[in-house]
Structures are given as C-alpha cells and as structure tokens.
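Below sits a lone chain in structure tokens, taken as the form predicted on its own.
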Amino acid sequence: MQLSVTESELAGLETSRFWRRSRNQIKEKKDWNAALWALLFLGPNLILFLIFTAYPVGYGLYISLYNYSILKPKEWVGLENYDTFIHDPKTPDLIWRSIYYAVGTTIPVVVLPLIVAVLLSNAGVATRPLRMIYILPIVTSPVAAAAVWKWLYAKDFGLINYGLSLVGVSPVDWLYSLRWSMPAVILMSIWLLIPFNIILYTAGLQEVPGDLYDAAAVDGASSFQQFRSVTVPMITPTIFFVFLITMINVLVGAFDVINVLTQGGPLQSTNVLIYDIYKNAFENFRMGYASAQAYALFLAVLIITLINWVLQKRWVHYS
C-alpha cells in the first residue's frame, strides 16, 4: 500500500512538472513573439540610429587618432591630435569664448521663460494668443531667423540702430565690432531658445496644486512670495531639466547662428568651439584634429552634466 501511494505521488509530481514545463515553454514563446514584434516596429529606427548616429560617433573616435585630411591617406598619430588641441595657444581663448557664449545664453534662457510662463498662466483670456506669439520662433528655421536678425543688426539700415537713433544713440556696428559681436549673437540665441522652454515651464506649472496657492494666500503671502516659496520649489525638476537641455543645446548647437551672423568674426571674437570644429573639418580639412576637438567638447559636456546631476540632490525636490 505504501509503494502504491509513493508511485501515485511520483506520477502526480511528473504531471505537475510536465504542465509547469509546458507553461514555461508557452511563456517563452510569447516572450519571443513580443520581442519579434518590438524588433519589427523598432527595427527601422534602430537601423537609422546605427547608420547615422552610432557609426559616425564611433568613426569620429577612430579618425581622431589619425592625421586625416580627406585628400591624403590616413596616418596614425595616436593621441597627438588631443595633445595638439590641449597645447594650442589658441585653445584657452577658444574655451573662454565658448564659456562666455554658453553662460551668457543659458542663464537668460533658463530664467526668462519661467517668468514669461508664470505671467502667461495669469493672463486670463489673452493667454492663448500670447502663447502663440511667444512660440512662433519654434517654427522658424534657425538659418532663416539668423538671416532676419542679420538685417536687424545692419549698421546703416537695421531696425535696431534706427530705434537707437530715435533716442539719440549713435549707430552700432553690431556684427563687426569686437565689443558687441558676441552680445549680438547671444541676444539672437536667447530669442531663438526661449519659446521651447516656455512650453516646458507651462507644463510644469500646470502640475502645481492650486491648494498650495490658496493656503499661501490665506497666510497673507504676496504674489512674489507665492512664486518664491511655492512655484519655484514645486517645479525644480522642470528647472533642472530645462537647464540641462539648454546647456547642451547651447554648447553644441550654436553653429548655424554664428555661421550666418558672423562666421566666427570679427578677428575670431565669436569663434566658439563648435564652429571651430566645423572650420577645421570642412575648411582646413583637418578631419582628425576636428574629431579630437569634438570629443573634447563631448567630454566637457559629459562632465558638466554629471556634476549637475550630482548637485541636483541638494536643490531639486521630487514630490
């Protein structure tokens, strides 16, 4: 009798194992089917990413180790291009101009859109029309916008100098002045980048509970106090995100504006690192050196991003 029970239990155990194994096989088959469907939909984008992003990035690193000018065969130089960039007498000035442009553009583009977004959220019936006006630069090509701003900056017939002449100020040669060329480029970049950040801040403001403002008003807080003590702390994640993407965009996206407005002049006064990379690669045909510059810029952006990512724990509040 005992042997019969044992055999019965063994038979039940084998049956349980069979069904469990069958279920696992069915689950694995479903997982494979899901993976195949995901690959089917992601495949085209993945192929484009590999061809137009991953491969150029990897090839750029490869080229940075060679002396390559397109017109001649590649010559292995190792880290010589990086060493040349570090010890080039022009590099400190190039880095300083890049920092000047980045800081001068990033701070206003982070602060001003927040103020505009708060004002627009309290504009009543005029909110939608005003938002449409502020968002217009987004649908404008940076090259076309820069061409218009170049006309505005013209010394003899530009609207900016015309407006200054009405208040008795002498015309300024904005784009050909060592003093004013970089501020002119920064001003145009601010105008171009502000609208997108307004959209981001508007979305962040909509997530702030209205009860907090009601409680602050009951406690006698003014509008400015509500903005400082309620609005800003509640949207610090949005501020952090806006700061990061603006900084990256400014450091690597200034080429089109500078190329149309000043071409790096006068006397290199607006030549920042991203534009110098273009000149070395496609005007001087120093592909290896330009690739080394590009990776130096990538490393700088990565370090700044990581530092900000660590520091965000001190001031960003995630609810």
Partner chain sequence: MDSHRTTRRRVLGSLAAGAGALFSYTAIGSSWTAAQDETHELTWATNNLEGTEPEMLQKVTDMFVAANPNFKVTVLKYDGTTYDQKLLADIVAGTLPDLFVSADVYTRPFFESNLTADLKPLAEDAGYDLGNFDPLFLSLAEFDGMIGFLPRAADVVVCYYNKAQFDAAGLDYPTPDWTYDDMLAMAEQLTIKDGDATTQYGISAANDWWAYWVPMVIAEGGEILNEEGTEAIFNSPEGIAGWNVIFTALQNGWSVPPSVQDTVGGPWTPFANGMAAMTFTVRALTPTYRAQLTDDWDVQVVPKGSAMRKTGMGTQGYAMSSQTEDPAAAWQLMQFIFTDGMVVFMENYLTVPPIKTFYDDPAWRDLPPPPANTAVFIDAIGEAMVPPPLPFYSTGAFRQAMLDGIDAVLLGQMDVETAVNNMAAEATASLQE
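Quantities reported herein were computed from a predicted structural model and do not represent experimental measurements. Positions refer to the first chain, counted from 1.
Unshown form predicted in complex with its partner chain; subsequent notes refer to it.
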Open item on the list: Using a 4.5 angstroms cut-off on non-hydrogen atoms, would Tyr66 count as touching its partner chain in the model of the complex?
Closed with: no
Open item on the list: Can you tell me if Asn33 lies within 4.5 angstroms of its partner chain in the model of the complex, counting non-hydrogen atoms only?
Closed with: no
Task: Contact test in the model of the complex: Trp151 vs its partner chain, heavy atoms, 4.5 Å - done: yes
Open item on the list: Although the partner isn't part of this model, could you tell me whether Leu159 comes within 4.5 Å of its partner chain in the model of the complex, counting any heavy atom of the residue?
Closed with: no
Task: Candidate from Leu61, Leu39, Ile70, Ile47 lying within 4.5 Å of its partner chain in the model of the complex - any heavy atom - done: Ile70
- [ ] Report the residue, out of Gly253, Gly43, Pro266, Pro56, that has at least one non-hydrogen atom within 4.5 angstroms of its partner chain in the model of the complex.
- [x] Pro266
Open item on the list: To test your reading of this chain, name the stretch in 166 to 174, 199 to 207, 228 to 236, 132 to 140 whose heavy atoms come within 4.5 Å of its partner chain in the model of the complex.
Closed with: 166 to 174
Open item on the list: I have Leu94, Arg97 and Trp191 flagged as a candidate spot, so tell me whether each of them has a non-hydrogen atom within 4.5 Å of its partner chain in the model of the complex.
Closed with: no
Open item on the list: Heavy atom within 4.5 Å of its partner chain in the model of the complex: which residues of 83 to 112 meet that condition, in order?
Closed with: Lys90
